[in-house]
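One chain comes next, on its own, written out as structure tokens in the form predicted on its own.
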């Protein structure tokens, strides 16, 4: 199994993507091919033996071979010809914009490159927190109450305390807990630095939170259910460290009834939309009710630490990736017009 890991790209989470990619080196069995997308959206083939964080911060990655995208794969120029980079499938590990908003997915789909990751429609839906809320509600999955503010708005209708989030961003970047009106304007200004729209939700004190990852191959494959280490909330620094995790975490101490309800909610969310992807759903449980907090379409380090056999999960997913529908273009309509005109 030869896996191409695509990482980096233009995003506030660019560095987190690098951390995730490096973590894969000690996790995945088989050969890894690293394909880095830099801030100019140029692709480079990074030698696996050389991959380390300093390679990117120093700019030395530019000494690596540059790649171009063509139908069927990534190509590297040699003296007289181009050679396709050999791999069985790609793994989209670009967090945030470009990777999770659908840009990279659209490239891979357009050039018919098999890959693990959310497809374009799944990316667009899950990258926008408002779309995620509406999608979940349409499936009968509970969500936290919310309102959306556009840049320049500073009045909210939800009672304090509230949590402020940029509408299209992850890893807790730009997120604040606001406990009174005095702190609202500053928190909104911080969020508006990252997005022109923000999501406002009630902050639920002491809420039970559970994370569940999974995928659909020939059947659903679930991770263990994790109860994250309790903090007021996980800020950027804590999540940054979280993205480099490689050791399995402890299973949450919950009964089978709650576990089954979490899995049922996950299946509703995953459905057909996320076929081809390994995702993680973060849930709240309030008075026994399962509530979707967020969808992580490309979770940090692919949520490897939640699976008892991560490599088997990746292998089985790679064998059941969605296939593009082949459309035959034979110009029959144009030919018929030309024939009718006697040409």
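All of these numbers come straight from a predicted model, not from anything done at the bench. Residue numbers count along the first chain shown, from 1.
The same protein also has a form predicted in complex with a further copy of the same chain, omitted here; what follows describes it.
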Any chance residue 248 has a heavy atom within 4.5 Å of a further copy of the same chain in the predicted complex?
-> no
Is residue 20 a contact residue for a further copy of the same chain in the predicted complex, using a 4.5 Å heavy atom cut-off?
-> no
Contact of residue 43 with a further copy of the same chain in the predicted complex (heavy atom, 4.5 Å) | yes
Any non-hydrogen atom of residue 50 within 4.5 angstroms of a further copy of the same chain in the predicted complex = no
Out of 252-260, 127-135, 154-162, 205-213, where are the residues with a heavy atom within 4.5 Å of a further copy of the same chain in the predicted complex?
-> 127-135
Candidate from 86, 193, 147, 142 lying within 4.5 Å of a further copy of the same chain in the predicted complex - any heavy atom = 193
What are the residues of 106-137, in order along the chain, with a heavy atom within 4.5 Å of a further copy of the same chain in the predicted complex?
-> 106, 107, 109, 110, 111, 112, 120, 121, 124, 125, 131, 134, 135
